[in-house]
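This document opens with one chain alone, in structure tokens, the form predicted alone.
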Amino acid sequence: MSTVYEAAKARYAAMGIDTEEVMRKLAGKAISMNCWQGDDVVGFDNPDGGAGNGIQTTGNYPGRARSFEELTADFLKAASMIPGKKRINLHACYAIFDEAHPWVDRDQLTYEHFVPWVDFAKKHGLGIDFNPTCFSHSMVVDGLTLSSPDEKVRRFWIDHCIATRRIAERIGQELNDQVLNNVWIPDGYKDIPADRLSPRLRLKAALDEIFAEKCPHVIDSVESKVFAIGVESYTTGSNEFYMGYAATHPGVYNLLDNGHYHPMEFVSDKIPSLLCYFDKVPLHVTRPVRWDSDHVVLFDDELREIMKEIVRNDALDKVLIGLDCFDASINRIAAWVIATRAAEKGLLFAMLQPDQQLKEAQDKGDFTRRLVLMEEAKTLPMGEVWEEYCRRQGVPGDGAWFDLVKEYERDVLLKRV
């Protein structure tokens, strides 16, 4: 234990904050790392097709993972440089096909296509979260899936989502865990729709069918969005639609993605509102640049505010934190490390706030003291606590991990052709 950390510990103790307890709590909170950062959301069921039909990546940095073996090796390399507990955020398009379990379309997927992922998770002490993949497929017709007026298209995606819930349930059974299964669809219209109601009624009916089967190991969520490229005028799965659905369907939650709202809306403000009504709040952490661009997560203002709302409201066990960012223009291992370490730093920063004093000042109407405490907390020596936390977790501190990434790039990534 360094004398620098001891000095920081004393500074925080003077404000009533126990850094030892903070590090203990931080080590127990899992972050779900999105597997699709490692291969640009390509997956294994159509590797020559790439991302599309509602999702896209930009950039062509060398070394993209092309197989289960490469993707899991890259994941472990990144994880070795990230402190704390980890989960794998997995999409259905990462099914594993072999001679015993040959390729099937997404509506026919079964648990057997994901056994290698479960074995990998068991071996390395990881949890798994799951997602149906309602994009990058020829059955995304006119940009529509679960809200399509074409019954054949709609049936395909309903069956796919039912299959993924069953897979998530079996994963939960095998890992003795709860698995977040999150439904996101790209449905909407580029220009002004003639009918805004019917697509949402079709989506509602589809969701009712998808969620009909009891899956006790599954936490169900639906992911709202304001707009995207190609659906600028109308998004079927809007925040209002999914919030209403979650509020009227016990056991289904509205997942908050902080890239899916108007630039003047903040997920940090939405979290405490949902905590008034829901026992769980699924969360995707990303970094929007003017829109839902899924840039690599940084230790920025909104990230800190999001994490503060989770911590100060004693919601570490209620808010399920996953990452949803991907960048094909930079080293993908580094992107994973930057994003997940930023999320961990955000949680640490939040845990090191004098929350009790801040709440007391607010309740007494002493807004001057509240503002003074907020400002002074910003310059407390969090960096020293972070470095001690990394040391205890057995991962490199800031300034040390990037050389390991470059070494892996030289020895592994640049040899992939």
Ligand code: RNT
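The first residue of the shown sequence is 1; numbering continues from there. Note that the structure is predicted; figures quoted are calculated from it, not measured.
Below: the form predicted in complex with this ligand, not depicted.
- Although the partner is absent from this view, R341 stays clear of this ligand in the predicted bound form, with no non-hydrogen atom inside 4.5 angstroms.
- Looking at D74, you'd find every heavy atom of it more than 4.5 angstroms from this ligand in the predicted bound form.
- Although the partner is absent here, Y245 sits far enough away that none of its heavy atoms falls within 4.5 Å of this ligand in the predicted bound form.
- When this ligand is considered in the predicted bound form, H260 lines it closely, a heavy atom lying within 4.5 Å.
- Put simply, of V385, L26, V41, M33 only one has a heavy atom within 4.5 Å of this ligand in the predicted bound form, and it is V41.
- In terms of contact with this ligand in the predicted bound form, the residue from L373, C390, A361, I55 that brings a heavy atom within 4.5 Å is I55.
- By the 4.5 Å heavy atom rule, the three marked residues D45, H113 and W157 all fail to count as contacting this ligand in the predicted bound form.
- Residues with any non-hydrogen atom within 4.5 angstroms of this ligand in the predicted bound form fall in just one of 266-274, 223-231, 162-170, 341-349: 223-231.
- Residues from 88-102 that approach this ligand in the predicted bound form with a non-hydrogen atom within 4.5 Å are limited to H91.
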